[in-house]
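Shown here is one chain on its own, the form predicted alone, set out as structure tokens.
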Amino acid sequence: MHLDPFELHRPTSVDEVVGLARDLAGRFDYLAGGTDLLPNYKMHLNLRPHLIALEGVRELRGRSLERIGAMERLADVEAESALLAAYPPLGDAVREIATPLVRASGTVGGNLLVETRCFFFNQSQFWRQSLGFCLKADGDRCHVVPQKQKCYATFSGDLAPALMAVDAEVEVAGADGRRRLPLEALYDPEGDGIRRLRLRPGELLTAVHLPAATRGDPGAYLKLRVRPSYDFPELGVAASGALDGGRVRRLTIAVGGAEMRPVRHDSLTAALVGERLSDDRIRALADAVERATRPVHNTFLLPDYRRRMVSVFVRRAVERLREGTAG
């Protein structure tokens, strides 16, 4: 594997990034940590002739209990004990991402926007060519669910469900200015494994904003993967909430790694507000989230197994939340 030639741009401000994105429309990728993008380039997956490196943009840095810059390294976030204690699902998730070496380079923004994965896509060019390529790169057909309209590659980030569970927001910048939106609104429910984001052309993710309202609430993030030392998630479940007098004041469940985008299940948790988190209610909630989740055969583990594990992980995560509240 080798990297084909590309032109590297090194802006030093968000405004300069936005200007370059406008001038290079459709012909560039943003380069953050490069831990996923550059291996994909080596396998000739959707190459662009220009890369806009974000390393020198100081505004994309900084971490506190209120804000994490998109270019903050995962290892640096992992070292912030006060931040991870304030948002337990974030703490669990950041420790589970890949390996220490990858976390030293990978970034918060990169993990939120990481490319969707599929074993028909994440292969060498020679392997993919032997199959006739796929809808996500160079071909015109999805091999997971055979047809030519929709890509079924799976969302593969860990931070998104964890941050969605604590009601985080993201800030983006583009030609039309800056805006903030709930993290879950970043992902398009009508999209697919290719068109999964609600970002406008050239928009840049600049920061994650953490709400004071959920700070200190108990929660958890649990991850299913084949090789526990470094794999992408086959399933990731985050839970966050709070109890008053043993009754639910707030409860949020988010699931990643199972479908084309991370999903919050607010319609299922809303019915528990004001109720006690008994074992039976937790089990019923876990079964409902399982029924609402539709994995397909695009990873190493079979979809039926991944789907069954949804209820197991939801139950475990909510039980940990309940125990944390009691503690």
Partner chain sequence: MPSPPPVRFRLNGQPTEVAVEPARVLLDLLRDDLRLTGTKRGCDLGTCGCCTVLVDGRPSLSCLTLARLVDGREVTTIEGVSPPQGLSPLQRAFVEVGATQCGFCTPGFVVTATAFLRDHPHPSREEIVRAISGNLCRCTGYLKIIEAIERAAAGGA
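Residue numbers count along the first chain shown, from 1. Here the structure is a predicted model, which means the values were calculated and not measured.
Just so it is clear, the following notes concern the form predicted in complex with the partner chain, a form of the same protein that is not shown.
G69 near the partner chain in the model of the complex, any heavy atom under 4.5 Å? Because no heavy atom of G69 falls inside 4.5 Å of the partner chain in the model of the complex, the answer is no.
Flag E275 as yes or no: does it have a non-hydrogen atom within 4.5 angstroms of any non-hydrogen atom of the partner chain in the model of the complex?
-> E275: no, not in contact with the partner chain in the model of the complex.
Inset, instruction - Tell me, yes or no, whether R281 is in contact with the partner chain in the model of the complex, where a contact means a heavy atom of each within 4.5 Å. - result: No - in the model of the complex, heavy atoms of R281 and the partner chain never come within 4.5 Å of each other.
**Prompt:** Using heavy atoms and a 4.5 Å limit, would one call T99 a contact residue for the partner chain in the model of the complex?
**Reply:** Close contact exists here: in the model of the complex, T99 approaches the partner chain to within 4.5 Å, heavy atoms only.
Taking a heavy atom within 4.5 Å as contact, would all three of D167, T206 and A242 count as contacting the partner chain in the model of the complex? Looking in the model of the complex, the three residues D167, T206 and A242 all stay beyond 4.5 Å of the partner chain (heavy atoms).
- Which of 22 to 30, 284 to 292, 50 to 58, 264 to 272 has heavy atoms within 4.5 Å of the partner chain in the model of the complex? Within 4.5 Å of the partner lies stretch 50 to 58.
Q | Contact assignment for the partner chain in the model of the complex, among L181, L199, A213, A75, heavy atom within 4.5 Å | A | Contact residue from the list: A75.
The partner chain: the contacting residue among A175, A104, A85, A185 in the model of the complex [heavy atom, 4.5 Å]: Result of the distance check: A104.
Even though the chain is shown alone, can you say which residues of 12 to 40 have a heavy atom within 4.5 Å of the partner chain in the model of the complex? If the 4.5 Å heavy-atom criterion is applied to the partner chain in the model of the complex, 12 to 40 yields L31, G33, G34, T35, L38, P39.
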